[in-house]
Structure formats: C-alpha cells, structure tokens
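Consider the single chain below, provided in structure tokens and representing the form predicted on its own.
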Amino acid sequence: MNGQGGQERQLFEWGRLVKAGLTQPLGLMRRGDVGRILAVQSGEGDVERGLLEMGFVEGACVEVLHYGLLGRDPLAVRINQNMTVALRRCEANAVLVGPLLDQTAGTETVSSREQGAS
C-alpha cells in the first residue's frame, strides 16, 4: 500500500508542475525546444515499454527537431544528442518533459537560444 501512496504523490507533484507550466507532454513542445524526460506514462503497456526501449528514459535529454506536414504528425526528436526517433503524436504525449536545468548537458537551452536571437 505504501508503494501506491508514493506513486499517487508523484502523480500529484507532476500535475502541479504541469499546471504551473514547468512541464508538458513531448507532443506539445515546439520545434527547437529542449527538455529533460521526467516520466513515461501511458494507458497502454506496449506503448510505454516501446518508448523505454527506444531510450525515452527518466533523466534523458530530448530535443524536438521537426514536425510532419499534415497535422504535425509524426515528430522527430533527438534523445541525448545521439539518437533521432520519429514518433506519432499520441506516443509523444505519453512522455512528460520538464525544463533542462543542467547547463553542461551539451545541448542548447532555451535561454541561450533567446540570447542569440536578440
């Protein structure tokens, strides 16, 4: 029972972060956005297992590269700067992404892109 209570607490905390605008599903990120994977959760075990096997693991850095033309589906993302994967939007929405706080991760952050644009 204690394990289930911890999982509920974690889901509550993620919900608070989403409402505060600090996290979002991967499918809602804009092209060029960079973040860190916080969780992979879907209602289907096969989708979740497939994402984990492709490298969508907690703590991995992810960057949105491109969107498809029709309905912005599929989207291409880079994981940890070494693998590019194409996902359908429904699969990408199972990946919860937070801000990239580690400046030494080797990827360009949102703040450094904004400084370069001005």
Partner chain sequence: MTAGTLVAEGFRPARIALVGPPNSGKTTLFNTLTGGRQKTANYPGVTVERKSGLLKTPGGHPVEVLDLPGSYSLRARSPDEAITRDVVLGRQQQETLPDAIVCVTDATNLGQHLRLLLELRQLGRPLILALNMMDIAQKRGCQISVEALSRQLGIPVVTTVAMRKSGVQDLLGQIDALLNQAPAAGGTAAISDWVEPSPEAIRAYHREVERLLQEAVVREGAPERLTRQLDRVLLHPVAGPLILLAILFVMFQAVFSWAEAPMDWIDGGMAGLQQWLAEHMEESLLKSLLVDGIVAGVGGVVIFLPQILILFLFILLLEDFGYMARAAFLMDRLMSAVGLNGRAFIPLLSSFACAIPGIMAARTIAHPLDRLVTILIAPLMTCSARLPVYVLLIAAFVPNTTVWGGIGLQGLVMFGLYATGIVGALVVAGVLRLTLLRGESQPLLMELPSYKWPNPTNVLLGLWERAKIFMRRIGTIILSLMVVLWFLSTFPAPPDGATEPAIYYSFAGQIGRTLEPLLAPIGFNWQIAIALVPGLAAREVAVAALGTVYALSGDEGTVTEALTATLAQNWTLATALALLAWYVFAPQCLATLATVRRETNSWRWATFMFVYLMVLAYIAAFVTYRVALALGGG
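Model, not experiment: these values are computed from the prediction. Numbering follows the first chain given and starts at 1.
The same protein also exists as the form predicted together with the partner chain; that form is not shown, yet it is the one meant from here on.
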Although the partner isn't part of this model, could you tell me whether N93 comes within 4.5 Å of the partner chain in the predicted bound form, counting any heavy atom of the residue? no
If we define contact as a non-hydrogen atom of the residue within 4.5 angstroms of the partner, is L87 a contact of the partner chain in the predicted bound form? yes
Could you confirm whether L51 comes within 4.5 Å of the partner chain in the predicted bound form, counting heavy atoms only? yes
Just checking whether G27 would be counted as a contact of the partner chain in the predicted bound form - the rule being heavy atoms within 4.5 angstroms. no
